[in-house]
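Form predicted on its own, single chain, as structure tokens, below.
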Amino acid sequence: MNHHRVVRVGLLLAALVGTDARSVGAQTTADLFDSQTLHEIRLFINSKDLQELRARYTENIYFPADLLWRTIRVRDVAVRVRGVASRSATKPGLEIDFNRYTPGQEFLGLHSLVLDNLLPDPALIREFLSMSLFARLGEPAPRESFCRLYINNVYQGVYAIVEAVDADFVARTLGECGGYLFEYKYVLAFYAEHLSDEVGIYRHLFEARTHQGESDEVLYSPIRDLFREVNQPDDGMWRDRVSQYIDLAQFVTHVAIEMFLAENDGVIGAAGMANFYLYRSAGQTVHRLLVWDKDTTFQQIDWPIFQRADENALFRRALAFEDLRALYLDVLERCARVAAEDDWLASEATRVASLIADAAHEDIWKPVSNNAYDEASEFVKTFARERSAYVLEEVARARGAR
């Protein structure tokens, strides 16, 4: 067999079965998170394991699988069902851990990845658009793209490919290593009140995603101290004390972006705080928020800019300071102007809706009918066109009222 024939056969085999994860050529995470492309991801799972994964979808049990994207096949990855209200046996949201079974294994430099089933969103694009706005405003946000997901060559529907918020994400967005990262876990309606002087109770709300081997005292005493100080009397030193444990300006900025997006299940959520990470640098006590899970944004065009502002102890007390209130309104105005500039948000909504439309219509596991999906998609486009004008009016009214 001559050299050229060998090359052709090699390329054909690579296309059919995929290359090893260690031989990725020019492929990068930028290619994976290219939102101009509707990707295709295939998972191959033993049929008995798949049956058990679906039967026990409420549990965080990992199963071995292979992942295929383009010509790259990653073998022996660990797959589990993820999510809270979005958990499903028929269209499971999935977390992929690349090095759980094979220490040191990576995929395009990633140690983990999320495949979001998008079930809370009948339009399937709210999450992507929300993360895009956070990033456009300069806040760290997971990169995302869309894919058709197949499991054992059976189409599962439209999924979002979501960058996991982990140590890799922190290093990319904040340029830091060795810090303390916590995922907020919704177990009760929490409004930033002080729950207890015992640190253990905060372990149930904030799951350590780094430094898991350290003691509860090391991990959680700064979080305990944060909420204890938030709920102390206002004696003129409240802000100084609280600022030792959270970046108040960043907190207010984060909430303002969520409020522009009309988020119903975020930091100022309908049932308390939800869907965020806390991060603090190594050797420090000051925390900041990191955005996560934005499937329930775009609730209504005339969503009030102070919706439930009095319910959360930290947000209510932060807004009592004139400069933080002014910052909050400034960020809302900036959101509105960024979204409206060159019709950016409306154009993005139209583009990604068109990108996934055919795949969405073929997705029999999505949360609504095709007609309801089309209506939801149109509403998101309308929100993207009209939300800015409403927010600018409300910001002007709020400024004039002071």
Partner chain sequence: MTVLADGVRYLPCLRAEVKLATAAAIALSLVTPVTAQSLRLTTDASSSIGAAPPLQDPAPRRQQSKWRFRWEEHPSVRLGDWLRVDLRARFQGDVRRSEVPTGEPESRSVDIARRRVGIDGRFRGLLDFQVERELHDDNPWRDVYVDYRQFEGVQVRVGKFKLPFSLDENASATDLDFVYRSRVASVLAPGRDRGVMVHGRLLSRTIEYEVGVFDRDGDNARSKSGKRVFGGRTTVGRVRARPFRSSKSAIADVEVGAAFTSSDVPEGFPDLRGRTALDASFFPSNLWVSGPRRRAGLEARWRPGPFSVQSEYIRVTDERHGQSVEDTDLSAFLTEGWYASATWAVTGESKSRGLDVPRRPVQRGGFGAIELAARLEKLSFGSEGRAGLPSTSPRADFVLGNSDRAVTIGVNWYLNRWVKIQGNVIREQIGDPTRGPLPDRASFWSRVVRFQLTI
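Numbering follows the first chain given and starts at 1. Since we're looking at a predicted model, the values are computed, not measured.
There is also a form predicted together with the partner chain; it is not shown, and the following applies to it.
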{"item": "Listed residue that, although the partner chain is not shown, lies within 4.5 Å of it in the predicted bound form (heavy atoms), from 102, 173, 285, 300", "value": "102"}
{"item": "Option touching the partner chain, based on a heavy atom within 4.5 Å in the predicted bound form, out of 360, 346, 336, 65", "value": "65"}
{"item": "Candidate stretches 371-379, 338-346, 48-56, 32-40, one within 4.5 Å of the partner chain in the predicted bound form by heavy atom", "value": "48-56"}
{"item": "Partner proximity in the predicted bound form: residue 244 to the partner chain, non-hydrogen atom cutoff 4.5 Å", "value": "no"}
{"item": "The partner chain contact in the predicted bound form: residue 152, any heavy atom under 4.5 Å", "value": "yes"}
{"item": "4.5 angstroms heavy atom contact with the partner chain in the predicted bound form for residue 136", "value": "no"}
{"item": "Distance check, residue 44 to the partner chain in the predicted bound form, heavy atom within 4.5 Å", "value": "yes"}
{"item": "Residues of stretch 72-97 in contact with the partner chain in the predicted bound form (4.5 Å, non-hydrogen atom)", "value": "73, 76"}
